[in-house]
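Okay, so here's just one chain, in structure tokens, the form predicted on its own.
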């Protein structure tokens, strides 16, 4: 119990200190572009009403979820194939390194030519950036599967889908979740960037509209909301990860205590 309370204190302490520092540093500010934090917090409930949550926040979250899900499925599937076969990896590796080096925001105009300016374009932009950390971590995770474990599974007749599910993916799952965690933050960034191009709603669109209309406190509320959204998604992801990888974290805790 004491350990949980101490861990909770450290989790809360830094955000509280940062907010307090922001409040004190901006309290006497007269700069139009750097309003006091109390002004931003006062404007927050007036800006983000129920209608704006439905018209801007919800579409952004849905686009992020769709793009992230597409990237997760494609990244894990392709990464498993590439990581399992040496020849496939040798052929694909130069192409993957080339495509990985292209910044996803640069692809926005190209994707707009093929997908238009609707939700399909925004989902494609998010997926194009999220797929790389998932794909590359899956490849490395599959490559790192213990050969002794694979041979043992084969000797017991565990092949095909059963081997893929219980040996390969289970062994690579910690690495896969590391890629999924990295992709989540990338997805939030690309969600905002994609909504700044030819959009009519969404968080990125709304923040740009506030900036162009010199509604600076309202713009800051959008930035603050993005930070809160990232925090909530991170907490949800951590809960899912602890649930799915309970066996992995449990074995690590046992090893730590025994050492």
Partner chain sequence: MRGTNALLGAAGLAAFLALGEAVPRLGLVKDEYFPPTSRIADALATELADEAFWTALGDTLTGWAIGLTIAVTAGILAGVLISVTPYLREATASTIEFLRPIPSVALIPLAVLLFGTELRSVLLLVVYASFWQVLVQVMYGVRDVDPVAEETARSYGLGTWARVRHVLWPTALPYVMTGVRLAAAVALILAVTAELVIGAPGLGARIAVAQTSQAVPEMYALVVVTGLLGLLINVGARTVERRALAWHQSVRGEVAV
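Residue numbers count along the first chain shown, from 1. No experiment lies behind these values; they were computed from the predicted model shown.
Keep in mind that the form predicted in complex with its partner chain is missing from the display, and what follows is about it.
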Stretch in contact, per heavy atom within 4.5 angstroms of its partner chain in the predicted complex, of 52-60, 65-73, 213-221, 38-46: 213-221
Residue 100: touches its partner chain in the predicted complex, heavy atom cutoff 4.5 angstroms: yes
Touches its partner chain in the predicted complex: residue 87 (any heavy atom, 4.5 Å): yes
4.5 Å heavy atom contact, residue 144 and its partner chain in the predicted complex: no
4.5 Å heavy atom contact, residue 15 and its partner chain in the predicted complex: yes
Three-residue site 33, 228 and 238 fully in contact with its partner chain in the predicted complex at 4.5 Å by heavy atom: yes
One residue of 153, 81, 164, 110 in contact with its partner chain, assessed in the predicted complex (non-hydrogen atom, 4.5 angstroms): 110
Stretch 170-200 - residues with a heavy atom within 4.5 Å of its partner chain in the predicted complex: 178, 182, 188, 189, 192, 193, 196, 197
